[in-house]
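One chain comes next, on its own, written as structure tokens: the form predicted alone.
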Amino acid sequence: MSDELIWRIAGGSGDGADSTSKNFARALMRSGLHVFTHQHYPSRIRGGHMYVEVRAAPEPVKSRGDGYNFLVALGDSFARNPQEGAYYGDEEIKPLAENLDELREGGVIIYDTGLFDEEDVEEVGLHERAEENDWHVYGIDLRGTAREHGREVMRNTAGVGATAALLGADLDPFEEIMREGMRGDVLEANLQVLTDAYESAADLEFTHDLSFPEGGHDEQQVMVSGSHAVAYGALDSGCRFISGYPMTPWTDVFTIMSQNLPDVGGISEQVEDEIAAASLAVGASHAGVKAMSGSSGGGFALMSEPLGMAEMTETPLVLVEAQRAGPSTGMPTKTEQADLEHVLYTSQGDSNRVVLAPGNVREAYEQSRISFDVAYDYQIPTILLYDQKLGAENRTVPESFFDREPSPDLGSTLTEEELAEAAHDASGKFHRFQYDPENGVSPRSIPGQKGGRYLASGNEHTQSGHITEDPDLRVAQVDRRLRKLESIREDLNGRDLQTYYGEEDAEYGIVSWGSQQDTVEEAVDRLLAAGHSVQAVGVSQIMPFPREEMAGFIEGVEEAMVVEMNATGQFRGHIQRELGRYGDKLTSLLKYNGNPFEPAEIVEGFEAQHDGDASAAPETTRTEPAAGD
């Protein structure tokens, strides 16, 4: 987009860039623009180079852009060792030094002369690179302005004021946001810093032609992240219990739920570990409450045993798995899509679960609600699988999108009147685990209901829950539980969980799953404009897999490229495993450096595959040809 702003603010973790960027994005939204944010931060409490991008345009934006065009370099005021020979390098100047490679030609740079001296500027070769790339560089004393009116952390406010001046933007939306979130002396000091920085920058001689985009909304917009969407979907589904243990990036969903559950009569519990968290959620669900838990990769590994217990006892359960780079601790704050096989196959024996992977904020809300519907209708664990990218990115969504009716229904449960007519054994126990339901679902009772007593055991069991090792009964129970997946597959067929984009009857296909969907769609727009015949499909229904639908898509194209953020092509392998063929049609475009795809990387990766020249693919990605090529 030629009329877009991609604003990056870079500093140290703890310098306030995250909160400032969110307020900046909200101000742009209220100015009539559509926004999309991307966050990059280290796994440290304070210090370490971090940045946040805010992409804004008059038309809806789907993903991060290719590079960016405006940099506010604050420097890292928490640098552990601002010495050139330090092990991690001179961290103080990294917010400037490590952000230049992605700045577009003709871009604008504000750097804080209160922190960067001329020696620092020379060290990073700023002036030479600016001349080569037609960058427009403005040194402004942001730190000095902040110290004059309050605390040094306010220099990020000074950066916003200077940005507004250089782009010709009005300060009113920024002041409005500040008045909503601050009070008293802190508010007055920040307003003064904002104004002074604006006036200082306005007095400079402008050499750039970048300006503030203009736009307008047809209806009221809100700005939400994927984590918000998952939590709001759970709340609107009637979830009233959550248990968990903090782990990045799952913590965002846990925190949002914990903040909101008391307002609707719900409960949140932080426990000692993830085994306890998932087990507590199983217990709450057994007792008749819609419940959820979750974690990220390492913590989710501990949930394997309670996941199997929920499957054997047929207790409804929704789990959230927020992927990050692994294995083990990996890169805790970086995104990846490498937990797919872990989520699909963890737990014991022939266990079953439903796995959904939303592609964007809207799908995160909708599929959070679908997860509860499926879990409680079919008495099966349902896992909502997303990643750090989707969880942390904020984007504009029409407020009306969330105007839905709540769904507190507990699914396939019986009333006391129905229990009185249901089958019981000679001891009076309810036949909770019937052998012959056509769809595999045997209705359950809730503890305390008259006539609803049964045993809930992690062992294989009879209809009333007594432990059994009878071979025939074992086969009957396993077959019944397996029938649930086929019933769910039929149910999900009408839910539009796969998203198609591009040219119908195209020659080439691009397949993605989860959070890469909208980035792929932006890439498809460019490929179509370049004359390529392409259609993309974003897959959210991971388990049970939409076999017929995906077979039809792959058979309809000459070749399909699978785009995913892992090193081993896990979703490509999942497709081939489920369909038993198409190895000669599927290629891979993989990225696993901790950063999500940019649209240009997908365009270049597709063209490299199309032309048969793997060396033309971006250095940040890896391509794999179809089997036999």
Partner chain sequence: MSAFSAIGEEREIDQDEFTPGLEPQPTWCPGCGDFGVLKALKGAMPQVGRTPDETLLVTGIGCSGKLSSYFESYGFHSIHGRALPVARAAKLANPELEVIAAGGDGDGYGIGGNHFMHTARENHDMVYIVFNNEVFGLTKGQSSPTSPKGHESKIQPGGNAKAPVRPLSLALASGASYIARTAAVNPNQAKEILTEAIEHDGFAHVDFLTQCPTWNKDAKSYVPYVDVQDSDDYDFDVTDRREAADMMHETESALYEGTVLTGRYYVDEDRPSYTQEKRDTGALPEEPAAERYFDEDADWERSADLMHRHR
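A quick note: this is a predicted structure, and the numbers were derived from the prediction, not measured. Numbering follows the first chain given and starts at 1.
Beyond what is shown, the protein has a form predicted together with its partner chain; the following relates to that form.
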Of these, Val186, Leu344, Val153, Ile267, which has a heavy atom no more than 4.5 Å from its partner chain in the predicted complex? Ile267
Sort through Glu132, Asp101, Glu555, Glu399 and report the residue having a heavy atom within 4.5 Å of its partner chain in the predicted complex. Glu399
Which is the contacting stretch out of 329-337, 419-427, 497-505, 481-489, given heavy atoms within 4.5 Å of its partner chain in the predicted complex? 419-427
Residue contact check: Gly452 to its partner chain in the predicted complex, 4.5 Å heavy atom: yes
His466, heavy atom within 4.5 angstroms of its partner chain in the predicted complex: yes
Using a 4.5 Å heavy atom cut-off, state whether Asp273 contacts its partner chain in the predicted complex. yes
Taking 4.5 angstroms as the cut-off for heavy atoms, does Met223 touch its partner chain in the predicted complex? yes
Go through 307-341 residue by residue and record those having a heavy atom within 4.5 Å of its partner chain in the predicted complex; state none if no residue qualifies. Met309, Thr313, Thr315
